[in-house]
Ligand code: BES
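A single chain comes next, written as structure tokens; it is the form predicted alone.
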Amino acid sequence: MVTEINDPHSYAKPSESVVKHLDWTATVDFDSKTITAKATLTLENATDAKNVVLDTKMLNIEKVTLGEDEQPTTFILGEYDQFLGKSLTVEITPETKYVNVYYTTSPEAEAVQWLSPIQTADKEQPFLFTQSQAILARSWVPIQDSPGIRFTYNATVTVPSNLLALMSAENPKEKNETGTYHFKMEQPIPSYLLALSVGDLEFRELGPRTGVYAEPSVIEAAAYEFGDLESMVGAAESLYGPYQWGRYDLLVLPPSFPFGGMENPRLTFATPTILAGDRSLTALVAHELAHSWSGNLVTNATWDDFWLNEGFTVYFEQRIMEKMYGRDYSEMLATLSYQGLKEEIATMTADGMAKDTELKLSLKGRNPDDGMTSIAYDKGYLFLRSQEELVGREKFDAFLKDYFTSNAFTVMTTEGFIAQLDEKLYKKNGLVMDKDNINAWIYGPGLPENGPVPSSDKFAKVDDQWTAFVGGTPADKLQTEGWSSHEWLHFVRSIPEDLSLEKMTELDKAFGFTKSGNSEVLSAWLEKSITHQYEPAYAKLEDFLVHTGRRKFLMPLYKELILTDAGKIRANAIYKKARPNYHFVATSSIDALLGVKQ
């Protein structure tokens, strides 16, 4: 049985009955925007078990039976909670091995986005994808929707015969004539890593165990962009041990995908905004790959421990990028993240949210998405980097490699990690852990004063060019040859609030920021354009907001727009057009920001 973990975001009671395996048979209907399915759950029960409790949200439960012989049973749906949905309590006995739930999803299922052909890259076939993190799996599968509960799964999914189905499992590489596909995930995963996508997709092999799926018009660009993927997997393995999931493939989704990437095992979902044409934004792929160890292999026990997933992953991502492209390159990435973190901490503190700048969160009664800030990612990274710098890289690497190996396919609490840090890093090496320092990082707000501060010599040279520009050097005479996208991003972020419209125009004419094909640089430029009321960028701003669904880009732009009365009008007008293209994860945040009621 599972040790009881108090997860405030799940109704499950795993110490009484816990799901160990899922058999899922489903039919995807694009016309009704529903999935009709049977979920057979294999249970492990306590000796006095009377019920198994599952999480559901907006599911139409048709019937529930027990065992292979489908014996009838009693079930109760609890009261609806805006974040948690409804509990599904099924009466069982200690001997019950299988529970069968027959159901249909709602067209408004929060995890599932149904795209019309016009919303895809090729604009010919419909598309579906799911986003289960943090607690949205329950809107398409009745399951114990807690990161602290792991299970294996098999699935049989029927889709229109001209489309391909993919899951976070062993996947087909091409369409078949029947439209029915079979999937198997032999390693136990938490529910937030359940994933399904259906669309007109093609596959390209990138290496012996790597490849990419995308729509036909995107596949060649995607295959080029991710050409280093096999090498990236090898670099990760050389740091912290074998990749334990078989294959590592990518799926490039349509633009409405709300995140940069989602680390679904064996099939990372990726935003098309990283297709820059020059492999400059593939640090995101390194991040999702790193999740194959931190998060997928060793998982945060609850969403209050989210930093254990993301802080470790950013640290690992930086190490991968350093190994592949050098310390100068990885320090640019770390510096950009540090800049963003400092800004977010200042904003959150000013907004009375200093408590949320602590690594260990308290999200009971809240949407766990509230914890998906740069605190978990970048403060978590800096904490781990501080430990590396305290004890030395060799000792810290040995600790991390053992951490991933000895805790593989299990869950971890913050307190459990601190205990292992003390025992297996400090005491093992004859060192004394500074508990006050650890507590300041994990349970204290903001950043400790003695923390590491990333720095980049390359960015110092960028700053020199800003000094020259402000001092009168024309934009087209600045020394920018050979700059990476990271240097350009730092340059744009450095635009001061008092820069004149004349100077904004000069920069745009010289460097073409409004026409940039790099989404990171473009987003930063558009944000500055709003601040400076640089109207030549407004048409691009609207186009970007309507056709990009990545929340990382959307929120800063809408936040900047609503700072003025005219901007509020523009924001609401654009959002009215754009909202149908966004996933629930994005609309739930922007609705709250703009005061939109649905």
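Numbering starts at 1 and follows the sequence shown. Treat the numbers as computed from the prediction; the structure is a model and nothing was measured.
Keep in mind the form predicted together with this ligand is missing from the figure; the text below concerns it.
Trainee: Does this ligand come within 4.5 Å of a heavy atom in each of 133, 287 and 372 in the predicted complex?
Mentor: Each of the three qualifies.
Trainee: Since only the chain is shown here, I'm wondering whether residue 550 would be in contact with this ligand in the predicted complex (any heavy atom pair within 4.5 Å).
Mentor: So residue 550 counts as contacting this ligand.
Trainee: Spell out, yes or no, whether the shortest heavy atom distance between residue 262 and this ligand in the predicted complex is within 4.5 Å.
Mentor: Flag for residue 262 set to yes.
Trainee: Should residue 145 be counted as a contact of this ligand in the predicted complex, where contact means heavy atoms within 4.5 Å?
Mentor: Heavy-atom contact with this ligand at 4.5 Å: absent for residue 145.
Trainee: Any of the heavy atoms of residue 488 lying within 4.5 Å of this ligand in the predicted complex?
Mentor: Because no heavy atom of residue 488 falls inside 4.5 Å of this ligand in the predicted complex, the answer is no.
Trainee: Tell me which of 432-440, 320-328, 304-312, 450-458 has residues with heavy atoms within 4.5 angstroms of this ligand in the predicted complex?
Mentor: Result for this chain: 304-312.
Trainee: Can you pick the one in 150, 528, 86, 291 that has a heavy atom within 4.5 Å of this ligand in the predicted complex?
Mentor: Looking at the other structure, the residue within range turns out to be 291.
Trainee: Which listed residue (103, 377, 469, 181) meets the criterion of a heavy atom within 4.5 Å of this ligand in the predicted complex?
Mentor: That would be 377.
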